[in-house]
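In structure tokens, one chain follows: the form predicted alone.
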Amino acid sequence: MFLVLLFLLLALISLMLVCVSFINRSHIKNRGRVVQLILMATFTVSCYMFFVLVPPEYAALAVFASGLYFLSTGWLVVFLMLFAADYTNIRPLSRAPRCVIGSLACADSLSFLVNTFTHHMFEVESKMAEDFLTQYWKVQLKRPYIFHRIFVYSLAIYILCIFAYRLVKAPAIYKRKYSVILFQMTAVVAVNILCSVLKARFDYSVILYATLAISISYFALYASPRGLLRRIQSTIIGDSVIGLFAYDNAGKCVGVNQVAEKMFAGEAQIVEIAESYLSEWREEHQGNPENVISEERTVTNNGQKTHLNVTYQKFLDEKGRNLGYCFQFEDRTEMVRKYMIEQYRATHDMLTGLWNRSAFEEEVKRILANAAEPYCMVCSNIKDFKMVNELYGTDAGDRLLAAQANMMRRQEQGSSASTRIFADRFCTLMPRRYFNEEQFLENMSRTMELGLSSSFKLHFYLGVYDITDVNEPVWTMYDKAMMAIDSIRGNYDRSVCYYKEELLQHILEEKEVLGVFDRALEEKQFIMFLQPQIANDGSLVGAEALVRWMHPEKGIVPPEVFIPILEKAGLIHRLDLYMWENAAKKLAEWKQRGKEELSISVNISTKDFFFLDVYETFRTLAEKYDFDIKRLKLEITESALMDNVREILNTLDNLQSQGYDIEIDDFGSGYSSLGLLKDINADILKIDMIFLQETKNTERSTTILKNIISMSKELGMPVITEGVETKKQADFLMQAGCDMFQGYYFAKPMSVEKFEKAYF
């Protein structure tokens, strides 16, 4: 039995040395503390073997060997404490406790060495074991030995507390890391105490010292880390939001997590699916030497598409040998969905679903770059669309716009594109052969009636531009289609207009007029012309002031060219004010020359009342220039009285109270002439030339004209007829009782200089 124990200790020593050799060749973290612990355990076991093998006649040597064994157990516990602090990541003891423990260990060691001579710690006695039939050494412990025991057991209890604390606090997967060592240490302490209490002839705890050291080297450096790694990997893989397929080097599926199962299929067939997936991947990437490949892919499971980022990885060992494969599947469906929404918002109008401006431009360029046939651009605009929002609400307006967008979308054929420019303006690019004007108008008419009252009718316009140059800027094409719309805006008889180059020329003329208007007004390029007004006795009673533009390069520009442009741009009031002041200044000059009986008629347009205080303007002119107010006649057309009637009539009454004569110009050309005569207290009635034009109903025209003249006589209003061009017309008007005449028969409009030369 004794020999068996010796051989066991020898085997343990050899095994511990092998462990040290193996550990030193590896690069395992924290191996230094483990090596120290194993070497100390080897020394402790070796000292004990040396002690038990000392012959009976060498008592002093036995005392020395036993002392080495006792002091080595103290240092073994110290090294075990250092290992425990590193292994459990417990904060190391501060400097003072470490110094105390080191001092106590040194003192303990010195005491055992001195004991060889003093025998104050213990003594040994050779005894015969009858059952073993061999000699052994019996150790007689003395009282000072208790200090060694207190030192060793105190450190052992501290170490046990460290492992117990970590065992309680650690997560479940980490508990085995500490529980194995805690159990073995507890066993060592228990056996050691038991051997001491029973006064055993052989200290069996020395065997546990060796097995504890070997066990620590195995569990701390190999088994626990690898097992822990497997559990951590299993936990990470199981809880991962990324799907995983794992394969061995033969391509057999060895693992699939739940995320991957949900992505592809049910559990029953997932292994087959995983293996077929690897097979297909190899075929697709045949010849690709990369060990890591990433791609975007889409899979369909139960009718639902899932967008995946797939990462393939091939694992190799340090010698380049294949260990296996792995697929990682990251679900990017939500990311793709959000990206597609953002892309849609970036390229589409959110209300109608049509292209937005920037995307439409790019689409048109793309289509026209590959165009093999003529194309046209069709633009639409709803007249008074704001009224829909005001009368029916914005929801009704949005429904109407959505309906129009659907209509535009239905019109698309071939390579086409539609957009909502803004508000109610839409535009479609389409092959010219697919544009059917009648069908377009019919569909637009139906759309305009959707959800609206039958009593409320919307009018729309279509502008069509036949594209002649596919390289022309897109928005130039759009502008040309809108030019066509602008040319018929306000015209309820037409809904469709095709762009022609004359429209562009007209726009350019408008821009040119507006561009030089300020300078022309400042340089007095606008000249006052006078057309004489003749009484029925042949005498000159005055003239109508007419404007002519003396352009420095183009010569005389007729008023029909620039006046409509200025009216449209809201600038006509500035020209009228200029003419009023010229007329007032000329009347003041005539008064000084003794021609104060002559009058000048000036026109007041509708927009003058919006931009000017007409009454205050003429009052200021009368104060600025010394002229007879009665000689400045103010002509106002009946169309000017259609808006803000009450306000305008109030202004005219105030002007009459100052002494100005009010003339109703172009009487008979409007729709409310007789009603106006009832409300306005005009001084002179100026009959429109339409009654003098040759028609099929000449007799009816002359009858109406006679009655107008007769009616004005009864109202006390002198009558002047414009547009008299022949002697026949003049004779008829004289017989009818007309008071004054104006027209080419008597004189054309002329410059002030010619007028004065002819009549002064």
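Counting begins at 1, following the sequence as shown. All figures in this text were calculated on a predicted structure; none of them were measured in a lab.
Heads up, the form predicted together with a small molecule isn't pictured, but that's what we're talking about next.
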item	value
The small molecule contact at residue 651 in the predicted complex, heavy atom, 4.5 Å	no
4.5 Å heavy atom contact, residue 40 and the small molecule in the predicted complex	no
Contact of residue 353 with the small molecule in the predicted complex (heavy atom, 4.5 Å)	no
Contact test in the predicted complex: residue 723 vs the small molecule, heavy atoms, 4.5 Å	yes
Candidate stretches 97-105, 458-466, 552-560, 83-91 - the one whose heavy atoms come within 4.5 Å of the small molecule in the predicted complex	552-560
Partner-contacting position among 207, 299, 421, 546 - heavy atom within 4.5 Å of the small molecule in the predicted complex	546
In the predicted complex, the one of 115, 217, 533, 605 near the small molecule [non-hydrogen atom within 4.5 angstroms]	605
